[in-house]
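Starting off, we have a lone chain in the form predicted on its own, written out as structure tokens.
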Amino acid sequence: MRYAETGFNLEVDLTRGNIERVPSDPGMTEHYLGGLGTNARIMWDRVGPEVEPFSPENLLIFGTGLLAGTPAPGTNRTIVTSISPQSGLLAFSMMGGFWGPELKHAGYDKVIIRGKSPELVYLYINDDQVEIRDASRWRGLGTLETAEVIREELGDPNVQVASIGMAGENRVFFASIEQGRASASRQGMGAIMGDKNLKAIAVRGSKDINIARPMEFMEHCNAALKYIEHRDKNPIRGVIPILAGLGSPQEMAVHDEQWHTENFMWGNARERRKGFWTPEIQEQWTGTMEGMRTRLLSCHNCPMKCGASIAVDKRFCSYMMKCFSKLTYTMAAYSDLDFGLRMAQKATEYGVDAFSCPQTMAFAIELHEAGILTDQDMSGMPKENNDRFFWLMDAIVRREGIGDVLADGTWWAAKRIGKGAEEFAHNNIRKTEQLPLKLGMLNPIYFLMYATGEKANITQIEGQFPQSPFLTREENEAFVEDWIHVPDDRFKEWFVEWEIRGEKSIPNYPSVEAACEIVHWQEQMHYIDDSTGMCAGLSSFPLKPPFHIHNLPGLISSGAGLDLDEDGLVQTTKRIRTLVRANNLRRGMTWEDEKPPEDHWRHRFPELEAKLLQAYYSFKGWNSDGVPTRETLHDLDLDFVAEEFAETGILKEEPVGSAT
């Protein structure tokens, strides 16, 4: 018997119209857990480095986390994996909500899509009944509309629907997949779905999920719930509002936006607006949020309410909003929250990423103001600022006029536009993908996270180590008193010694060695979450969460029947993270791609950055080119990676850290 997982994947070939229920290998679970881990292994085995994003041979995998659908609080994540049209690298975009648990209850851990349908279709999964159905009459419908018409056709208001809008259909590089209370937004997974002519996947399930040791498992769950209740009554003092509590950043419940609006860059990530947040702005924005927010929402089996139902017009469907997407359109257009929420509703229906899309539009406005895009290029664009952004979004998702160029994102668009446009595509990482923000002074921890992280989303790389120290040493000491989450007490010592100003302040503190270990820990927690299906808001992202490296082995083992202690979970996580990197290295990623945008910080420190990168490579067991050594790959049971890398010349034998 399989525990926590179903033991079956659903294989769908859209070219042939073939559907298979395929048993999965329990050894894969032992090595890679589930979700991102097993997705990465399937992509390695079945999608070679020559496969292009918009190729029928490219897979689109909806992989539920190992614990998704179980009673563990917050375990509801589905990891959508493919080759990104934006970066050409392995993409993994997480979505919460109810879709993943519903798929588990239907009897499947993954839906693996290959091929390309000749016509627009949707996939209907109802336990053992699986059908490819015609969706041609729904071409052009928004994501929320699509979900509603599918539920009406099926006569089931509770079916869970993941769908694309016009952006996905037209292969916009930053198209998202939307599903009720969550979305897979980053890296263009909606474009891959659209290229395969798959409008939606509708799921309904009624099967049980088995737990290996139920009593022990529920003890872990109840302890977490008790801790969540405690933290709710005792928020962390002295930090910004969204970090005081638990969950994905509580943007929907918080009205104080001074931190974001005055510290993050506006427009095309250019201008910091110190002094913007006034009592008048707070009153206006609070009224807007209270007027449009109908209620706070949670995902499947989670006590947190991190999202909200937003209705800009009560006559129409509300949409789900969470996290920093609350502000991305507002700040891109130098506008107000009313505009931002209205824009986000349109964006949700179209199905576009709330980080890349607003920056791409702001990029276009900046190019027009600089004379690089002419009035003829922008023919038909309104004069009023807010209207310009609505016009640009319509053009992008329809790929009309200049929108056809912008639909590929700022890096690719700049290449096509030329005339110096490349200088304006300045906020990209791994060359091609838009970052959601810019920061101030270089922080060695954030440098390493941005440079080496495989996903450029701030809430998917930062974590339990605070962004900055408190004002006094005494406050630092108070913070670490109940900091049980750290791997060992050295992390407490590093934080206590950290200063706002002085010898032990950024960019020279934390030390290179400490920064490597801190980033490794934070990264480790995200890879556990992305493979188990745990929401980052209860484990890897917030300060002092209910789940951490010391109690997760017991939760996973008692739920899935694995024999994992802390060391075993750390080793498994290293294996998953290394395999994700290996997928990208075989696709051409190199150490030269591992850097934040040149203007990400006001001041840069090239010698320190080079030292940080090489120290981190050495710490991870990678060579000076950032490639895992043969020894490291062997220790992680990844000899198959070493063999290919040796054959293709990616792996050049040399001592770890031998070059500078």
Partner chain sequence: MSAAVKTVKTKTVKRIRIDVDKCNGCRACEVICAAHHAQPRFSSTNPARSRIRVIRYPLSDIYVPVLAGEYTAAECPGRDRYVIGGKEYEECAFCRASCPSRDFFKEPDSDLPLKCDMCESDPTLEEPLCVQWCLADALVYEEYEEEAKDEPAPDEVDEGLLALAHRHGWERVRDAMTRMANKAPGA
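Note that the structure is predicted; figures quoted are calculated from it, not measured. Numbering follows the first chain given and starts at 1.
Missing here is the form predicted in complex with its partner chain; even so, the following discussion is about that form.
Trainee: Quick one: is K415 in contact with its partner chain in the predicted bound form, heavy atoms, 4.5 Å cut-off?
Mentor: No.
Trainee: I'd like to check something about G69: if you look in the predicted bound form, is any of its heavy atoms closer than or equal to 4.5 Å to a heavy atom of its partner chain?
Mentor: Close contact exists here: in the predicted bound form, G69 approaches its partner chain to within 4.5 Å, heavy atoms only.
Trainee: With the partner left out here, check for me: in the predicted bound form, does some heavy atom of V480 sit within 4.5 Å of its partner chain?
Mentor: No, V480 stays farther than 4.5 Å from its partner chain in the predicted bound form.
Trainee: Can D565 be called a contact residue for its partner chain in the predicted bound form at 4.5 Å between heavy atoms?
Mentor: Outside the cut-off, so no.
Trainee: With the partner absent here, would V397, V580 and R587 each sit within 4.5 Å of its partner chain in the predicted bound form, counting heavy atoms only?
Mentor: Zero of three within 4.5 Å in the predicted bound form.
Trainee: Heavy atom within 4.5 Å of its partner chain in the predicted bound form: which of Y446, W266, F339, F98?
Mentor: So the residue touching its partner chain in the predicted bound form, by this definition, is F98.
Trainee: Identify, from the list K116, K438, H520, H105, the residue with a heavy atom within 4.5 Å of its partner chain in the predicted bound form.
Mentor: That would be H105.
Trainee: Heavy atoms within 4.5 Å of its partner chain in the predicted bound form: which stretch among 544 to 552, 372 to 380, 211 to 219, 523 to 531?
Mentor: So the stretch in question is 211 to 219.
Trainee: What residues of 219 to 235, in sequence order, lie within 4.5 Å of its partner chain in the predicted bound form by heavy atom?
Mentor: Counting only heavy atoms within 4.5 Å of its partner chain in the predicted bound form, the contacting residues of 219 to 235 are C221, N222, L225, I228, E229.
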